[in-house]
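A single chain comes next, written as structure tokens; it is the form predicted alone.
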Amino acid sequence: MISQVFILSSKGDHLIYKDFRGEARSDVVGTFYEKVTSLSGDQPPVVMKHKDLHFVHVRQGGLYWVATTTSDSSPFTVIEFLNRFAALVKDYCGSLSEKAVHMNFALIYELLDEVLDFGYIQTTSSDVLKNFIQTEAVSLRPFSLFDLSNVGLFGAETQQSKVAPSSAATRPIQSSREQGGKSEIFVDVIERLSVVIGSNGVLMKADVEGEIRVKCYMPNCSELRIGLNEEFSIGKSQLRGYGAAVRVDECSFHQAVRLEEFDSHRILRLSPSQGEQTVMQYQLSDELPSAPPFRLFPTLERDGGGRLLMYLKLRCDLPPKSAAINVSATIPVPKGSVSLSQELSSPDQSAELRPQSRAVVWQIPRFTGGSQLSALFKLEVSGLSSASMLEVGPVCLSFELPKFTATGLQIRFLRLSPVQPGPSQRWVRYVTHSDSYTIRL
């Protein structure tokens, strides 16, 4: 049983506030923000208590999604509700941001009135709510399926027109009614990579967590069939198919997924609801089917002037046609580092010394597979000694790998039934993010 629900910006601004039971005082919003900002650490506890009031919150889209309760409600139920409500707002508003909430506050209040009744959860299903929600979403930017940048000479299609724009799946689900009968479905394979590489270059740990997300803008799709690799296997079972093995340790499915054809043909069947849902989650531990995407070759020494010299060569072991984007390397440096001079191998790179976090941040906007980049950092360190040299490292990498999966999982086909009467598009997108990529020096 929930007493209040409110949404705050990262600065504590009140965006949404709804009191369902009148049990708590009116200053609870300020009390929550004071408690959450006074705690040390980047991640405050999800559940906090103030007198007889319990705060439960999650962070989504840079916002605080908070619920209060004074009863013995299950915190896991409230956390699950907040996550589902945030996903619901994203489906109806198109994106999660402070501006999106400001522009669609009337729609969000209407959603709250439908999903909660006197603090009791009613439903979070977009299929059920579409019959009751009347407020139209206000998009942050108008979405157009026709973009002149995708048209070549005399109206000929360019190769770019066959690629979905990044904003295509961030529009409200109600907008599917306004696209002249045009309907689309997006299937995203998203993986998060955790790697630890020792100082000798040996891979010490490698974990992959992945999921398949479906976002549907088709109001009349009764069944979607998703075909995975025929070689896809779970656990240490016998390998399947004739191609390269695609193996995961654990796998779980959404309750709406039907698995009659999964064991024999690796086909997932479901009736997708409008909006976004995660249909499959999987995990692979202590093993990668291919080499890690990045290797680092460091050299550390002191020059005659007492400066610390760090020469770093970073190699990208992706296939030559692939590329990593938004690559950032964070190198912890000794206490007393006061200035940095640098020599970078290409002009698009950048680096800076951040004294507050005692680290040098090396940023690479795009890194082509099979290539190597280098950087020479010269640090002025007061009182540099052999002991302070040990404070360098480990290096933490963050990056994004579009059109790439670490496990090798691929979508063979997408089939819709019944066949859509009007024009429809089916998009499959792959991306791998770095969750924790650590290289010891």
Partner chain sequence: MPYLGNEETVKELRRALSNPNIQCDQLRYRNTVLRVIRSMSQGVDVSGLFSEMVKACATVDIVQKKLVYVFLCSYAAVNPELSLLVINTLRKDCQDPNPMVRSLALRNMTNLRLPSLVEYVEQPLTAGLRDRAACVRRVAVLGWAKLHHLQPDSEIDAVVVNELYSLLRDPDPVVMVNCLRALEEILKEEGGVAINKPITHHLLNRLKECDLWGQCEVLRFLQRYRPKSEDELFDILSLLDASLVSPHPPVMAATLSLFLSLCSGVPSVSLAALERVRGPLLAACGSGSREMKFAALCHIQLLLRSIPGLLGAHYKRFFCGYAEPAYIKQRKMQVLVELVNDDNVGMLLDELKGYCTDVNPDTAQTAISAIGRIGRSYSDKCLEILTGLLGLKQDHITSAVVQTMRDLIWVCPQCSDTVCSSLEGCEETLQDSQGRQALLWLLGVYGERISSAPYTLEGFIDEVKSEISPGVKMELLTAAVRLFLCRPAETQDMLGRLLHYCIEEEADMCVRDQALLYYRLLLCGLDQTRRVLQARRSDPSLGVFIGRPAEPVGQWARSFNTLEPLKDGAVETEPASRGSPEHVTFDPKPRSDLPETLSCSYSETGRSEDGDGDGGDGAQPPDSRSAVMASSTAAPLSLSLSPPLSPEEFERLWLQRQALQDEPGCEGAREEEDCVWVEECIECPTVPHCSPQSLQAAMQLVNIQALAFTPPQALPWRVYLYTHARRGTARRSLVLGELLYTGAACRLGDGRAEDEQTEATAAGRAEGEDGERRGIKVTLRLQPRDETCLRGFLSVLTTVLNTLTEHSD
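Numbering follows the first chain given and starts at 1. Computed from a predicted model, the values in this text were never measured in an experiment.
Below, we refer to the form predicted in complex with its partner chain, which is not included among the displayed structures.
Judged against its partner chain in the model of the complex with a 4.5 angstroms heavy atom cut-off, the residues Pro45, His57 and Asp207 are in contact without exception. For the options Arg269, Lys313, Arg192, Arg302, the residue carrying a heavy atom within 4.5 angstroms of its partner chain in the model of the complex is Arg192. Residue in contact with its partner chain in the model of the complex (any heavy atom within 4.5 Å), chosen from Ser346, Ser371, Ser233, Thr124: Thr124. Taking non-hydrogen atoms only, Glu380 never approaches its partner chain to within 4.5 angstroms in the model of the complex. By the criterion of a heavy atom within 4.5 Å, Arg21 is counted among the residues contacting its partner chain in the model of the complex. In the model of the complex, its partner chain sits within 4.5 Å of a heavy atom belonging to Thr69. Contact between Arg295 and its partner chain in the model of the complex is not found at the 4.5 Å heavy atom cutoff.
Proximity to its partner chain in the model of the complex, taken as heavy atoms within 4.5 Å, picks out 284 to 292 from the listed stretches 261 to 269, 183 to 191, 284 to 292, 219 to 227.
Residues from 1 to 19 that approach its partner chain in the model of the complex with a non-hydrogen atom closer than or equal to 4.5 Å are Met1, Asp13, His14, Leu15, Asp19, in the order they occur in the chain.
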